[in-house]
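Only one chain comes next, encoded as structure tokens, the form predicted alone.
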Amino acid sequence: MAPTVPFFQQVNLNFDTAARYTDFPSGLLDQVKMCNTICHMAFPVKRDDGAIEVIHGWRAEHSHHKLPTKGGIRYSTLVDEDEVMALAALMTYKCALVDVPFGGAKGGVQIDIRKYSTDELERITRRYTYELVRKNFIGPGIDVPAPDYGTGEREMTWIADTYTTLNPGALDTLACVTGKPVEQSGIHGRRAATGRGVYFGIREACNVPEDMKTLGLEPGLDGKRVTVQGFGQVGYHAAKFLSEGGAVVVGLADIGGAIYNSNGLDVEEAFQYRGENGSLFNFPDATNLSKPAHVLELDCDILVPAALENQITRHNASRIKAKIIGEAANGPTTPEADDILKAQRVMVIPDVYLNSGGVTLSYFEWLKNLSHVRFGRLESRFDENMRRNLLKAVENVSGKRFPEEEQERLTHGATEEDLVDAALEDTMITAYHEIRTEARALGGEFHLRTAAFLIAINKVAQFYMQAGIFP
């Protein structure tokens, strides 16, 4: 059933709940909350059969308190003005929460990608980019898109190439978009970043003994039963890393179907099976579920909604059996459902925090494109040589020689992926404990969403105040 409250209004309800704990002037809070700029474009595209079709697209820039603005572009039939404004607002709060110096933005094109050929999708993407350039809604210091639902590295490459073509001679054109392939000046680890951030965040929450005791769970991920709704880029990587971290993935769902096995599913085998068969249905040693949404109601310890918004509503929240919900998707839980879950004493790790791995790695890619230097290139070999010299000194003093494999492990210089992965882990750990501390002040582990919004509001509003815009 459709939600009773528009998505942007849902985000603002969470904003208002948190804003009550601040002392900022109402006018300043209105400025933080409102979407600064929204662009709706309609442009013609020629189909492969020669027919002309009008395509609708949007780009919303929610906050210009810091530039550039940042946010993904999604291709979906559900895209509309309300959705992109809501997602742009979440990007503002997400960036503030993890101290990434961007304002929030979001874009979308209203199409079903399954109904278009690769050539048609390329024409749509390039024309959408052209419209963004014409309206000054894209640029390394203006607005930097990224992948989202229905888009990926391929589309980001088309965007970068189109922007570069329209700006000949400009030095930093590749910084106009992130989420590019590594070969096209992307960054190692970006593809898995959001899912990896989800893993780091859930792992950190589960490592707090006091909170796990409140939920009736043992500390740590080991043995915890996990279900994941959505098996795209985010859902797959979240499931993969949670499984590798000791959790047992018992349920998986994608747009075509859902499966369950109380003893656990092999995430890699399921991913390969889905790729070969187009669906998870009839995966060996698993039970098919009649509807993908049924995975939300399975008996488990941790539920990870990693699909689209408004999946957990007042209609199904009371049937949720998980004790922890890790929101890997944007806005998967409505405010009404949030109240029900809080009453059921379910810990909800909010999207505005847990989904921030992608923008964190996008920030590093943007920096890499501006500096034109790969992370680790200047220091990796130097660090490795220094460690080898130190190891040799230890061997000379002790008279013992380390095995070759041990030498390699101890002297390994950090690669780009090592560096950004460590930075992502530190970001997620630091942000979680900041949110948890605020939540404890508000009343406990069931106030994480309000705490996250409160921290983000404080950071954005204080920036305005310190900049002298609101003396």
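Predicted, not measured: the structure shown is a model, and the values here were computed from it. For every residue, the number given is its place in the sequence shown, counted from 1.
The form predicted in complex with a small molecule is left out here; the points below concern that form.
query: Is there any non-hydrogen atom of T178 lying within 4.5 Å of the small molecule in the model of the complex?
result: Contact with the small molecule, no.
field: Heavy atom of R274 within 4.5 Å of the small molecule in the model of the complex
entry: Flag for R274 set to yes.
field: Touches the small molecule in the model of the complex: Q110 (any heavy atom, 4.5 Å)
entry: Answer no; every heavy atom of Q110 is more than 4.5 Å from the small molecule in the model of the complex.
field: in the model of the complex, A170 touching the small molecule (heavy atom, 4.5 Å)
entry: It does not: once the small molecule is placed as it appears in the model of the complex, A170 has no heavy atom within 4.5 Å of it.
- prompt: Looking at N330, N369, T360, T129, which has any heavy atom no more than 4.5 Å from the small molecule in the model of the complex?
  reply: Comparing distances to the small molecule in the model of the complex, the residue within 4.5 Å is N330.
message: Can you work out which of V373, L166, L390, I255 has a heavy atom no more than 4.5 Å from the small molecule in the model of the complex?
response: Looking at V373, L166, L390, I255 one by one, just I255 meets the 4.5 Å heavy-atom criterion.
task: Go through 200-208, 142-150, 243-251, 334-342 and give me the stretch that gets within 4.5 Å of the small molecule in the model of the complex, heavy atoms only.
output: Single hit among the candidates: 142-150.
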